[in-house]
Ligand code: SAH
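First, one chain by itself: the form predicted alone, in structure tokens.
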Amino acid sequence: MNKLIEEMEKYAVEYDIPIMQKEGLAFFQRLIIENHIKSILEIGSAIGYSAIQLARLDPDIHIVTIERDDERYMKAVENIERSGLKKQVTLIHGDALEMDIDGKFDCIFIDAAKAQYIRFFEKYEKLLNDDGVIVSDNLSFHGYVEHPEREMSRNLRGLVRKIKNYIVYLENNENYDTSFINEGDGLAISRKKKTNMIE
């Protein structure tokens, strides 16, 4: 397994595939263990790196992961097959904004097109269990979000603006308590607020 992980990390660097940074991944893994998370919906499989790293934590963890890019999807299929975790990981090929997923999940992990984070959140939050958590990655976006003075292209500036809009959206979402974690490339942990039934 470690050999596969190393190969995936090397492949990601070589082909410029965004995979979760190690510090952020380690934090996420601790979150899963501490909260006894068993079912995860991942939006954005890439080459299957995070799905494999999460599934290997516990044989009772099951992950549904969605990837729209043909090449990355095929590589993810290959990697999950090699990992021996095929029974725990269901890989779906398609656009997460154009499909419907059944089931309920302890965790929804958003790690796909940054410009669509609000749409992903609003489309899939109904699948979250009451005590579930939504995890969003790349909210620092390589430091550009905190340092808008850095030189960037027009496209990158637009993307950074959309990430900032998503952060504001989470801060103002009255149905969730969101913590922003400065690990890896910046994470948001959004938990459903408990509705107080007794006044």
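Keep in mind it's a predicted model, so treat the numbers as computed, not measured. Counting begins at 1, following the sequence as shown.
Quick note: we don't show the form predicted together with ligand SAH, though the next part is all about it.
When ligand SAH is considered in the predicted bound form, Arg56 lies well away from it, no heavy atom lying within 4.5 Å. The shortest heavy atom separation between Asp95 and ligand SAH in the predicted bound form is within 4.5 Å.
When contacts are judged by a 4.5 Å heavy atom cut-off, Leu91 does not count as touching ligand SAH in the predicted bound form.
Taking the partner from the other structure, ligand SAH in the predicted bound form has a heavy atom within 4.5 Å of a heavy atom of Ala113. Ala46 is the sole member of Ala46, Ile61, Val64, Leu170 with a non-hydrogen atom within 4.5 Å of ligand SAH in the predicted bound form. Note on the interface: of 126-134, 147-155, 31-39, 48-56, the segment with non-hydrogen atoms within 4.5 angstroms of ligand SAH in the predicted bound form is 48-56.
For the three marked residues, Tyr11, Glu81 and Lys86, no heavy atom of any sits within 4.5 Å of ligand SAH in the predicted bound form. Contacts between 62-82 and ligand SAH, taken as any heavy atom within 4.5 Å in the predicted bound form, involve Ile66, Glu67, Arg68, Asp69, Arg72.
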